[in-house]
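Here's a solo chain for you in structure tokens, the form predicted on its own.
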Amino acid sequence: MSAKAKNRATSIGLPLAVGVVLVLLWQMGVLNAAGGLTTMQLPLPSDISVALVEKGTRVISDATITLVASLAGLFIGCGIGYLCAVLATMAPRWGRGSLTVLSALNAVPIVALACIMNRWFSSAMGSKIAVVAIVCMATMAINAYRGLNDLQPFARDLLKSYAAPRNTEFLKLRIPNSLPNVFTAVKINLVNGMMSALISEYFSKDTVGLGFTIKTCMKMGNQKATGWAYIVVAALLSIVLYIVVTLVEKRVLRWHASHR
């Protein structure tokens, strides 16, 4: 086995091994005993699995709704954030102010945003998408702006020596240079977007979605395992999306030094 294959096996095998050990300790009640928690406060994995099987159809339906809201908001928020980064690069005097506004907007608590968007939108799906989009904008804008402007001096000098127009510099140098930062922002926003969608569903007018069901089940003593089953599904969705984006990143950025 080559050194590269060994490193890959280690990077995948060790986290999986740690995860398996934690689940086994949890199932044996070690985690509950260590935290002084009852099985009602922290249901065992077996109870969560049973609840997940029993609610399978409803879980898929709720997960689909939350996933659609999360991805739609992610796409819109990242798109607007990247556009703001481009404008800030093209017109630094005015553009940097937009980044400051986005950073300030990102400081607004998600709970407050969810309540405000529920007032602004008549559609529950629309309010969830808006919350996710607002949360994702600043991360993308700041990361993309750095990628668009953190250029190697020799690369710009080379283009200037060929008298390359500004649009060529932007398309051939700045945008490719920003791609690693863009993927970093997308991976961060995958987690933030899912969390924002879940929190938004806590305050949604609708009675569907992972967040709403988690809130409802956690209030009922005999439904704690179901609530935890929905939490597990939300976590798995984020993990799967992260893996997908990472694979796409490796394929798209094969030319970049970090992926050689």
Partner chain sequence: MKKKVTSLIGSLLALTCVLSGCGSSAASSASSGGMSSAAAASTSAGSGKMDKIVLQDKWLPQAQFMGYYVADKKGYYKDENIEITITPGSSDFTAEDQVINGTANFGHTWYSSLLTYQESGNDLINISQIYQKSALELITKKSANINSGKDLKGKKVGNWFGGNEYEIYALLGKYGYNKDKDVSLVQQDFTMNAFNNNEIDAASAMTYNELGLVIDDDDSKMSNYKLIDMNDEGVAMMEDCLCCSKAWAASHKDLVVRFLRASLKGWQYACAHPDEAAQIVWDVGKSVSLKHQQFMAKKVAETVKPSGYSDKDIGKLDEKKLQQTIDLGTKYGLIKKAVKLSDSIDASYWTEATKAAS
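Every value quoted in this text rests on a predicted model; they were computed, and no experiment measured them. Residue numbers count along the first chain shown, from 1.
From this point on, the text means the form predicted together with the partner chain, which you will not see here.
For S49, no non-hydrogen atom is located within 4.5 Å of the partner chain in the predicted bound form, even though that partner is not displayed. Within 4.5 Å of any heavy atom of the partner chain in the predicted bound form lies no heavy atom of L83.
Not displayed here, the partner chain is kept clear of K55 by more than 4.5 Å at the level of heavy atoms in the predicted bound form. By the criterion of a heavy atom within 4.5 Å, T216 is counted among the residues contacting the partner chain in the predicted bound form.
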